[in-house]
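Just one chain is shown here, as structure tokens, and it is the form predicted alone.
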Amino acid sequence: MADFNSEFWHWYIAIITVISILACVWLVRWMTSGYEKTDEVESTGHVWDGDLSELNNPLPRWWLGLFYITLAFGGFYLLLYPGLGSFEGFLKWTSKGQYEQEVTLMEAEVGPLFAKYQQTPILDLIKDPDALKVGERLYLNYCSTCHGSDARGARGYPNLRDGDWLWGGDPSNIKTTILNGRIAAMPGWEAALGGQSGVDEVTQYILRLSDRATIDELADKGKAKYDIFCVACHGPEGKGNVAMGAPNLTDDIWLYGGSITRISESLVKGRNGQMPAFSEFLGEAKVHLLAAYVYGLSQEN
């Protein structure tokens, strides 16, 4: 049970819960008392189809007993487990405590396995089928939500199979990315570029960088603007900068889409991407194995 900022809420919940259970006990007794056993059964007065009457029979004893058993179970449960405000229950059980206990038991069982893999270089792990199977399970549990079960990503989530890496694709960089996470940000440039016309010019130049058909007049003007506003991150040749997570604009691989509309949108609105850090959640041993699996995916092509 969460800690309350005020003692009022503890008593508010506890009192209402206890009163509710006692009220249910009273209601069952009241609804089932006062019946005398007779040969005739009183009718409620409800009649259907001419002669189908609803009778006021008392509940069977076994059915009535189930109500009392349920209420007694509820009271007994609240004595043992949390439920009455901030009262912890006599067993002192918490979901957090159970989770930590299960994690401890699991770590005792699988910890030596991950420790063994942690001592093995990533370049050797990608040759071990058993290690890759474990890495695949880690990937599916923790990475597939964003990068897809096939690791081919989606718009805004990198493809891990194409060998194109924003922050570097060698084993150490991949491991660092998973351990510490990454934050990438590109500001919107519409105002700085002089409005939509300037955005269109730089868009055409970016298309030229990846050897695509362009409107030459616009692309020439876009180069001048690119050399002022974009070169610091993407480089004079547009090949990007892995130290900053700035993408390569010459390889025709696009994180947010490579159409004219998508490139223009990126320039106008900017882009913000973030990958969370997994160091505390998974630990270095599991991250080491996960990095080996991810690195292996990019070597399959």
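One rule holds for the numbers: they count along the sequence shown, beginning at 1. Remember, it's a predicted structure, so these values are computed and weren't measured experimentally.
FYI, the form predicted in complex with a small molecule isn't displayed, but the following is about it.
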query	finding
Heavy atom of each of 28, 44 and 59 within 4.5 Å of the small molecule in the model of the complex	no
Exercise: residue 185 in contact with the small molecule in the model of the complex, heavy atom 4.5 Å	yes
Exercise: residue 274 in contact with the small molecule in the model of the complex, heavy atom 4.5 Å	yes
is_contact(residue 164, the small molecule) in the model of the complex, heavy atom dist at most 4.5 Å	yes
Distance check, residue 65 to the small molecule in the model of the complex, heavy atom within 4.5 Å	no
Which of 114-122, 135-143, 76-84, 100-108 sits within 4.5 Å of the small molecule in the model of the complex, heavy atom basis	135-143
Contact residue in the model of the complex, chosen from 151, 207, 174, 131 - any heavy atom within 4.5 Å of the small molecule	174
